Structure formats: C-alpha cells, structure tokens
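So this first bit is one chain, no partners, the form predicted alone, shown in structure tokens.
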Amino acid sequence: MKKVYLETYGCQMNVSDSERVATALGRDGFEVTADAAGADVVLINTCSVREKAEQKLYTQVGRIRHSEGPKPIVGVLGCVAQLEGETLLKKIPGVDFVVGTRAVGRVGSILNRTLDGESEIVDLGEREDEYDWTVADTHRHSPYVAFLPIIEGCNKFCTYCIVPFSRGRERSLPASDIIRHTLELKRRGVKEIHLIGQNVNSYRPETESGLEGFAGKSAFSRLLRAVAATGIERIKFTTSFPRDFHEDIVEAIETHENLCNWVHLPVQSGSNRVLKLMKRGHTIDRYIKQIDRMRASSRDIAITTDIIVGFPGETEADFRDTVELVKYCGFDSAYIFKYSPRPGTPAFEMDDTVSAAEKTLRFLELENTHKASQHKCLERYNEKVLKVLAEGISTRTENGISGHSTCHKVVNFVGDKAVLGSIVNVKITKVKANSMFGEVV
C-alpha cells in the first residue's frame, strides 16, 4: 500500500478539496499519512491568491528534490496547478503531475497511471458529473466541524483577484444535495457545518428543489432556512460578498438560533474611488448600511472583514477613507493585506503607484487603528457567557480545552477531555485579540 502525504495551502475550499481527495485515495487503496518523510507520494494542494502562498510550492518541491533518500512522486493540485498547467513541469523540476481545481476527483487514477510509468500528466478538465462530495470521518479536519461547499467559482472578476481564473465560473450545488449532506453529517455526530464558497450569497441553483416553502428574497437566504430546519446544532457560512448581501440574510439569522451570529463581509477599501478601480460593485454608503443593519440586529452579530492597502492608484486621501471606515465599523477582526500583484489580472497591468515602503506604513497604521477599535469592540464579550463547541486540547491553558463560540471566537477554558464534542457555556474572563479565556458555568 503506497503512502500519500497531502499538504494544503490556502482557503477553506482548498481544505475541503483535500479532505475529499484523501477520502477518494483511501477508497482507491492508498494510505494517507501525516509523515511526509516516509511517504511514497507527496501531493501539494496550492493557493494562488497571494505571491507568498505560491512561493511555498517552489520551496517545498525544492526541499523534497534535495532531500536524502528515495524521492517520492510529487503531484501539484489546486489553484496554482490550474493557472500554470504544464508550465509547472518546466518551471519546477521534480513535479510528476499537475491536477487542476475541478479535476481533483481523478487524482487516484492519475496517481496509478504515474505509478505505471506514465510521466508528466496534466489534467485541467471539468469536474465529472458523478463527483462524490462526501468526506470520510477519518479525513475531516475536525470530528465535530465540517466544511460543506455550496458554490464554487466566481463571476465577479474584481481586478486584483485571480480566483475566477483558477476556480472558474460560479456553479451552485443543488439545494437538495446540500440538505442531504447536512442530515448525514448530523447523523454522524457533526455539531457545526460551514457552508463555504468564494461568494456564498451568490448562491443560485439551477432548480429550487429543496427550497420550496422557505421564505426569503434570495436563494441563499432560503437555503440558510432550509439547512437550519434540519436541526443541526450550528451553521456558519463564508465568504459573503457585499454586492449580494441582502437584509433577508440577517433576518434568517435572527429567526433561526442555529444560524450562527457571525458574518465575514470583505470591504477591501474604504474609498469609493478605489472600489471602482477594483470593480467591487458596491459603495461605502451601502456597505455602512449593511453594517448598521447587523449592529441593530436582535442577535449580537460578530462582523469580520478583509482589507487591501496600497492598491494601484490608492492616494493618501483614499487611505484616510479606509482608516475612517475601520474606526466607524469597529470590526471584531480584520484581515489586512498589502496589495500583491497577480499576473493575469487587470490590476497587474495598472501602474503600481504606491511604493513598497508606503504600503508597509499604511499597513501598520491601519493595523494599529483596527487594533484600537477591535479592543473596544471585543470588550463587550467580557463577563459574557458564550456557547462554545469544545473542539480540542488548548495549548494556551493548563488542563485546557479550546473551541469556537457561535460568534466564531476562539475560547480557551479549563475542562476535562470528556467535554470534547459538546457545546458548553463559558463565561469570558479575559479578552485578547485572537482568543479569549473563560470558565465553564
């Protein structure tokens, strides 16, 4: 039995893809191992969103190529594979095959062909109609939490983003399949599911099968209500897109307690001029109205975001608008990035007018601004009781357990291993930017 080591970079969609690849390889007679040194095959599932993530691939393949002992077969999967295709075989000596984002269901057969002596296989084709979206319990990243794709690809074509080219056009999975998978996960003991996609609220299935009888102005809000009706304990979703984020999504969260009180809504810039250059399709006025609606909700909704600083053409005035937006919104968390040019995107052809030094200064200022407002925002949790899914052993607390709250905060508390997999009430006693500490009540 050949041993396969699978390394994953990037987003939840990549993690989900890797879980299904591992499941399929197990069915095909391979042993998936956590020991890279002893593996006969190394599969690297790649990310192309940022240059640094792509560089990891080159570093890892080089390390394997120069290691002592027998050299494993190396396969590259994911977004870099989709974008680069056969050129990867020329760029990186030591890569044996390349599999695109929608061809991952054929990794087992491609691996067998490689073992039989075939070389330099490249498969960038479409996903097969009978593709199996299920994940074996042994290959899920958590026994209690499951990622459930509802839509793949993207039609937005933001000028900085490579995803529409690496993941293809939007394709929504049938609602009836999503509900069936949810019920099966619930039966197998999963407590929390994450409905995932590049833009989940762009969800538009070909038919309404499975959504009949559920209220909501958008197919996504009806899907949320349908999944909530399964009775699974917790439901989260990511990532949302401001252009398609409608009030009926907030109304669904308010109606169903098992729809968790957390929304990740990337704004990317606080300047309307920059948003237009990015082709985001939303305005700051509309974004603020969405924030205000969530802040006024009967649920205490945690709001997180993504922001890019130093986009081509961003002026000091544009950056000031972003700083003011961050102050106003008081995000629970903000993932701030310096603009990273990606070949093949429209922004790559724009004049990169912001120097590297200025990008760093803007990044640091915005990060400090966010931390100041975040501290005030997170203090609302102090002395509050949160429902926490106990997911694993805490490395931050002696005899501790760690898990996530419904508002997607990492919470550490003292507890026995027997509580793992349970949802417990934890009173928060200490609040930090990336995690909280509390005691069971």
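One rule holds for the numbers: they count along the sequence shown, beginning at 1. From a predicted model like this one, the values you see are computed outputs, not experimental measurements.
The next section is about a form of this same protein that is not shown, the form predicted in complex with a small molecule.
- Of the residues Ser209, Thr283, Ser109, Ser340, just one reaches the small molecule in the predicted complex with a heavy atom at 4.5 Å or closer; this is Ser340.
- Distance criterion of 4.5 Å from any heavy atom to the small molecule in the predicted complex singles out Ile308 from the list Leu275, Ile249, Ile308, Cys260.
- Annotated contacts: Cys161, Asn199 and Thr239 all touch the small molecule in the predicted complex [non-hydrogen atom within 4.5 angstroms].
- Comparing 47 to 55, 28 to 36, 412 to 420, 66 to 74 against the small molecule in the predicted complex, the single stretch with non-hydrogen atoms within 4.5 angstroms of it is 47 to 55.
- Within 4.5 Å of some heavy atom of the small molecule in the predicted complex lies at least one heavy atom of Pro266.
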